[in-house]
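Shown next as structure tokens: one chain only, the form predicted alone.
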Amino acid sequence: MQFANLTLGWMLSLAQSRLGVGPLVQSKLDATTAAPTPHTAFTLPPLDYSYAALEPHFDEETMRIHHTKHHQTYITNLNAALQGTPFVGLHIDDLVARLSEVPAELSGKVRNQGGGHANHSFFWKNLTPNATALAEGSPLHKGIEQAFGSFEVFQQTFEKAATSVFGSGWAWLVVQEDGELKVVTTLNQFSPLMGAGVVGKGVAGFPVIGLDVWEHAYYLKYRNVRPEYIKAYWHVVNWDFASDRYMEARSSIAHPEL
């Protein structure tokens, strides 16, 4: 499957359009002489389900700690780092997608704390207690078959990638700049949205699904057996959300002006 003219600008416009934040906000970054903008603090997004809803696959205690402690800490630290800067008011996906524009003294904090907020905000949406199999014949299923040969091979590829992350990080299914679906991994809180200049050309893309493989995401239930946690993920993947993401990518590529 080939789609032309997939760019970082396309990924950024997708993030903006799906979240209703309007056109690009380059003027905010360029207007260094503009009047200060009141700080718009990031807040912890609510889950669409209870902490216990993903049992027995993801346990209630881990979900509660993961959301209210780990995710909240990224938000608290990010708010402190951005106070008084021209980057306030940007949506989190816009912020991490423009990491290359952030001054060196802030880039590490935005990458780590902002990446943590962006990745976790996506992670909660890509989980559901009402998981069903991805419909055969759906556009995403067809795209996966074309990219990997079969859905089963895709799952094996994703599991191998997620298992192989050394230390902490993420496994993703992304739509890349050439329009192809690919399984990629990032370390720590790097996001594929950060672009080729940050994560590498072979990793950058628009996330369709993503799995947190930091130990804090699974250790209370699965201890050090990460592969069991990865297999449990298939029982809670929100394929409706993933399919919507994939269709947004297809639509944007087919109509680059959107």
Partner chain sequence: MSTSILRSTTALRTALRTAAPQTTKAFSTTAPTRALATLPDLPYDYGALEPAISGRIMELHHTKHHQTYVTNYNTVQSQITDALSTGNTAAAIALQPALTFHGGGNLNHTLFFENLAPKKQGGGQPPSGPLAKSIEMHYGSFDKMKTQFVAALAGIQGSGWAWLVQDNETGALGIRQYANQDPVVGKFTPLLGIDAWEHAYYLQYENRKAEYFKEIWGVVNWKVAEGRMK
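None of these values were measured; they are calculated from a predicted model. Positions refer to the first chain, counted from 1.
Below: the form predicted in complex with the partner chain, not depicted.
168 is the sole member of 76, 168, 107, 155 with a non-hydrogen atom within 4.5 Å of the partner chain in the model of the complex. Of the heavy atoms in residue 188, some are within 4.5 Å of the partner chain in the model of the complex. Heavy atoms of residue 224 reach within 4.5 Å of the partner chain in the model of the complex, making it an interface residue.
Contact check for residue 220: a non-hydrogen atom falls within 4.5 Å of the partner chain in the model of the complex. Taking the partner from the other structure, the partner chain in the model of the complex has a heavy atom within 4.5 Å of a heavy atom of residue 215.
With the partner left out here, the partner chain still marks one of 59-67, 229-237, 41-49, 192-200 in the model of the complex; by a 4.5 Å heavy atom cut-off that stretch is 59-67.
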